[in-house]
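Single chain ahead, written as structure tokens, the form predicted alone.
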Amino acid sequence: MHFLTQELIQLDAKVNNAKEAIEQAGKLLLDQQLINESYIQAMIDSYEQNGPYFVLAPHIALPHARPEDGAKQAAVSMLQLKKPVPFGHPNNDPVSLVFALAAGSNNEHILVLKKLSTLLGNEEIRYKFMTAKNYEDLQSVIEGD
């Protein structure tokens, strides 16, 4: 599993809207060859067709698509937005953190989601993700030190 490695994190990202945020978070996965390009479009299509159902907590979005949409391996990328953008969620907007999830199977999807929800369930850790200035600020949190 490729989980929030340095190459999969972009801090202080500039985007204009939810679609750009999803694209950039997906591009981090694509650049590491963890997904096919079709996976990014599938995440955007899912957002446009189903709305912001993946904005699961205040300021946090977890876009994803189905394994058959082009996921090669289990992976999570993170985009920390310089300026939060609305995703259209009535309670959890605006979004500051975008975690793009990819999994090669439904079982991997559950494992990735479980690992991420364990981290994000901690208020102190969420704050660190929102305020980190460099990867080293997050490394001990991600690695569980």
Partner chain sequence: MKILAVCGLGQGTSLILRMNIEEVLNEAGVDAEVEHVDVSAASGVEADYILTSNELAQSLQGHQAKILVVNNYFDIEEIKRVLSQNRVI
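Residue numbers count along the first chain shown, from 1. Bear in mind the structure is a predicted one, so any value in this text is a computation, not a measurement.
Form predicted in complex with its partner chain: not shown, discussed below.
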Exactly one of 34, 95, 62, 78 comes within 4.5 Å of its partner chain in the predicted bound form through a heavy atom, and that residue is 62
Exactly one of 113, 30, 44, 85 has a non-hydrogen atom within 4.5 Å of its partner chain in the predicted bound form; which residue is it? 113
Does at least one non-hydrogen atom of residue 40 fall within 4.5 angstroms of its partner chain in the predicted bound form? no
Where, within 35-58, is there a heavy atom within 4.5 Å of its partner chain in the predicted bound form? Residue list please. 46, 50, 51, 52, 53, 54, 56, 57, 58
